[in-house]
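First, one chain by itself in structure tokens, the form predicted alone.
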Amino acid sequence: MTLIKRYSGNPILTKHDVPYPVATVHNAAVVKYNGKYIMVFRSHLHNGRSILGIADSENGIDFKVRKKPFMTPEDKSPYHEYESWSIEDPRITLIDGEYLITYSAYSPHGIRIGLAKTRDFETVERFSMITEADYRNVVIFPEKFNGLYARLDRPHSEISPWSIWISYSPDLRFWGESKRIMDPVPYHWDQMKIGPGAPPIQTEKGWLSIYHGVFPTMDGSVYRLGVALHDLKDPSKIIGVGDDWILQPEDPWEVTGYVHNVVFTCAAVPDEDGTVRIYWGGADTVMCTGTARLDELVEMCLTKKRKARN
């Protein structure tokens, strides 16, 4: 069963669409803003480091990249020390009237997560570094729980290997009450490591989370996408995890590129008709999109699920 219908015009954005020199366009956050779509994408420069660009679209498919990058590594304290090498893989959540942008910050001190805010996607303000090293893949829920913000993340560690955790915060700056809630499964498509992908989507039956899972092969690692369902009132409770992947590298631009055999999502935008438009980076080189039915993704978590913990 094909749950995600790929757009026939993929890839929807490549380095050739960017009006300044970059080597890639991938791993983009996408949200609706004033009835239009905004994409904040990652690009490798020709020195191998990464910045974030921005593009606009009327329909969520045809994007036009703005003339200048949206965010580059900060050159002033206190952020410069912790993002001096690269900023990567943004996610965006709308909550309390603000768009929260989380991003991976690379420096000699490892990988930390930065949080920035914007209201108009013209100006952006860094707010805080919200993790220590080494963390990746932070997504923030678009609602509070008992007055607290909630996030999913993945410590970049082989201790309790490559699992998904949840944490809470009263103010977006200080985080705690952390729990490990989801693990890789031995000899499964996501056995090597897992990580949050797009910010969770609220459905009648739970919070739907699209995540990535990695499987090691003799020819290198393969990145695929899967789905999990969290309890509406207590997102630390996993209702079900789909046993199968929902997307794997198949098209030429997903199989071959800067990093072979990768589909990696940072964004999924629900529509009023019950569909969700999913965006993913192909082989860390181009941006692609496709659509799925939210109810079918939820149903997979409920009727074709596996144990949430190994």
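What you see is a predicted model; the values in this text were computed from it and never measured. Residue numbers run from 1 along the displayed sequence.
Only in words, not in the display: the form predicted together with beta-D-mannopyranose (BMA), which the text now covers.
Contact annotation: H109 falls outside 4.5 Å of beta-D-mannopyranose (BMA) in the model of the complex, judged by heavy atom distances.
Though the partner is left out of this view, Y223 does reach within 4.5 Å of beta-D-mannopyranose (BMA) in the model of the complex, counting heavy atoms only. Using a 4.5 Å cutoff between non-hydrogen atoms, V262 counts as a contact of beta-D-mannopyranose (BMA) in the model of the complex. Taking the partner from elsewhere, R136 is found to have a heavy atom lying within 4.5 Å of beta-D-mannopyranose (BMA) in the model of the complex. Only one segment in the set 248 to 256, 33 to 41, 262 to 270, 55 to 63 has residues whose heavy atoms sit within 4.5 Å of beta-D-mannopyranose (BMA) in the model of the complex; it is 262 to 270. The single residue of 190 to 215 lying near beta-D-mannopyranose (BMA) in the model of the complex is K193, the criterion being any heavy atom within 4.5 Å.
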